[in-house]
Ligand code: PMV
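One chain is shown next in structure tokens, namely the form predicted on its own.
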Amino acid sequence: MISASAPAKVIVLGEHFVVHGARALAASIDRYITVTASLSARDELFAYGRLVRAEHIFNSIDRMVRGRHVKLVVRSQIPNGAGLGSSAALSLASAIAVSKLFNIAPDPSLLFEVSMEAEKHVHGNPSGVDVAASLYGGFVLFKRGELVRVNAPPIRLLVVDSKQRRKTGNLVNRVKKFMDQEPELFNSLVVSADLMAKEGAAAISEGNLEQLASFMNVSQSFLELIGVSTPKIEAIIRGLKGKVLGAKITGAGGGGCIIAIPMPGIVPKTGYTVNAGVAGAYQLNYGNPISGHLNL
């Protein structure tokens, strides 16, 4: 049996707009999915002690197993459907565990490609930012086909789960409807979101969390405008006022998690804190740090 882990992710700035060509600022966080792989007479995936249908996982790793069958056992610290990249982490941890089981040492680009095959079955047209953040780790400035590592130490983030669950595809369709109805406005939001992601990356590098938080607050207003926020999320954010510098949805919206930067010396009772900017799955599992500008 061979085990591999992959971290969850948060999108600090730029969700939804990244699908339309903008950059997004994302980070890995210290919550993990671990997959244990072993040879089997048939393909099986167990999560929480139950057999789960996972054809998309087995289809994506087919090039690695080469007709052989595997049993995958999943342990997760990441809630499903909460905007923390659980499906990307599962796809990635599965790909790494299987590659190690068969003594394959793929480069990161292959792990990315295999994981994206599984993600397409889940999300239809994913940008790739979830897989990239989980795979490469740290803070990443991501655009489709391109990733830049952001030089910054981990920071503490507050995560609040709204407990509302949603399907990413429904939210993507809602955004498309807004885009079709207000094309000029949407295009201006894409341009602004791209610039905020770039400037947000610079703010993290400089340790300017106040500036980053201000961008997060503006980003939340963008997400409300395009219709992916909810009254419950907005009520939670109002309840954090005076305790955090900035707060916003992370992920598709329609529920899921909120991330926030706590004010210095204040630990809100709501939610829990994580380290954002931790090592990625490739570094965790192969000990091979990656740096610089990468073409995916």
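Predicted model, so just to flag it, every value in this text is computed and none were measured. Each residue number is its position in the shown sequence, starting from 1.
Below: the form predicted together with the ligand, not depicted.
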Counting only non-hydrogen atoms, the one stretch of 147-155, 198-206, 125-133, 177-185 within 4.5 angstroms of the ligand in the model of the complex is 125-133
Kindly confirm or deny that V18, G85 and A252 each have some heavy atom within 4.5 angstroms of the ligand in the model of the complex.
yes
Though the ligand is not shown, can you say which of T168, S162, S99, Q220 has a heavy atom within 4.5 Å of it in the model of the complex?
T168
Go through L110, I104, V73, V172 and name the one with a heavy atom inside 4.5 Å of the ligand in the model of the complex.
V172
Tell me, yes or no, whether R23 is in contact with the ligand in the model of the complex, where a contact means a heavy atom of each within 4.5 Å.
no
Residue-level contact is defined here as any heavy atom of the residue lying within 4.5 Å of the ligand in the model of the complex; does I11 satisfy this criterion?
yes
